[in-house]
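A single chain comes next, written as structure tokens; it is the form predicted alone.
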Amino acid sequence: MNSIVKHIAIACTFVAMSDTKRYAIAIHGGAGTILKSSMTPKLEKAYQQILEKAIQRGYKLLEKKASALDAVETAVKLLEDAPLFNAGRGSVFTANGKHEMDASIMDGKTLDAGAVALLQKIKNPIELARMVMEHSGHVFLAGKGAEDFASKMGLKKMEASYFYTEARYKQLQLAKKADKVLMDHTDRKFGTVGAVALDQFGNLAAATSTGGMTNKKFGRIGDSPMIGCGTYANNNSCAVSCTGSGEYFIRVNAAFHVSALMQYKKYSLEKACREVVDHLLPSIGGDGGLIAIDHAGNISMCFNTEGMYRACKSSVGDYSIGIYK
């Protein structure tokens, strides 16, 4: 009799484990030439703390059965609020001394997406991107029109002083002196931020936000707000958020390319990500990285640069925070 009870107990445990929905989240704060030799202990600790705060906040939402969309938006907003990253408050300066911020978000369940570009006053661009997705009837809004839509939605706007940081201003002066457009930092750090998540309902989502390029001109827009280039999510494959030299990511539809390799060539998540980051992008001179998560909760955080600010956490015990290769 005890043997029968034992077998029933084992069977019940197996069913309970099978019914448990795996969930996970990954975030990034940009890739580039990030060397430990050039990082002070204080600054390294600051990066690690905000990465930990963002990953824990997003994970707790998933733990409470929040949607993947809520998790990625919340995580990205925290990174936008940190002046350490080139997004939101820490955005770099354009050639005319202003800020032009871009962001996008995508729902893997419905393939709905929202994107914004050339924002100058919005505190959290990723929040507006989601409003575009859910309330505008469109996918992509830019410039004054996007700002007008933000006003209609009652979104918080900030004065230019909110986005001013001394470090970013010095970067602009260096760029002007060299007459170059720089990717975030003079030592090539791509400070775009992003998040990808799988929720307990099996839905995927991705979000990306950036301040663009230091000393950029002519209203340049990179890959971050472009669906399929810097951001993509599809429940049938994966969710992806990219960071790097945007022009190259645009030319190869980097984020969608990962999904396509999984859907049409049946690649694993890691193999698809590696194909794009280690082979496709370098073949045309591109560098950077991406984070991705598939419908089974597998996570990939790969890059072809010296480092990438990154973190991940899953319901099966995966947890890491990294900066260097």
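Owing to the predicted nature of the structure, the values given are computational and were not obtained by experimental measurement. Residue numbers run from 1 along the displayed sequence.
We do not show the form predicted together with another copy of the chain, though everything after this point is about it.
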TODO: Name the residue from Met131, Leu172, Ile250, Ala82 that puts a heavy atom within 4.5 Å of another copy of the chain in the model of the complex.
DONE: Ile250
Task: Residue (of Ile55, Ala66, Ile299, Leu261) lying close to another copy of the chain in the model of the complex, criterion heavy atoms within 4.5 Å - done: Leu261
TODO: Within 4.5 Å of another copy of the chain in the model of the complex, counting heavy atoms only, one of 121-129, 84-92, 191-199, 149-157 shows up; tell me which.
DONE: 149-157
- [ ] Although another copy of the chain is absent from this view, report whether Arg274 comes within 4.5 Å of it in the model of the complex, heavy atoms only.
- [x] no
Task: Partner contact for Met106 in the model of the complex: another copy of the chain, 4.5 angstroms, heavy atom - done: yes
- [ ] With heavy atoms only and a cut-off of 4.5 Å, decide whether Phe256 touches another copy of the chain in the model of the complex.
- [x] yes
Task: another copy of the chain contact in the model of the complex: Arg220, any heavy atom under 4.5 Å - done: yes
Task: 4.5 Å heavy atom contact with another copy of the chain in the model of the complex for all of Ser38, Ala71 and Lys325 - done: no
TODO: May I ask you to list the residues of 123-154 that have any heavy atom within 4.5 angstroms of another copy of the chain in the model of the complex, in sequence order?
DONE: Gly137, His138, Val139, Phe140, Leu141, Ala142, Gly145, Ala146, Asp148, Phe149, Lys152
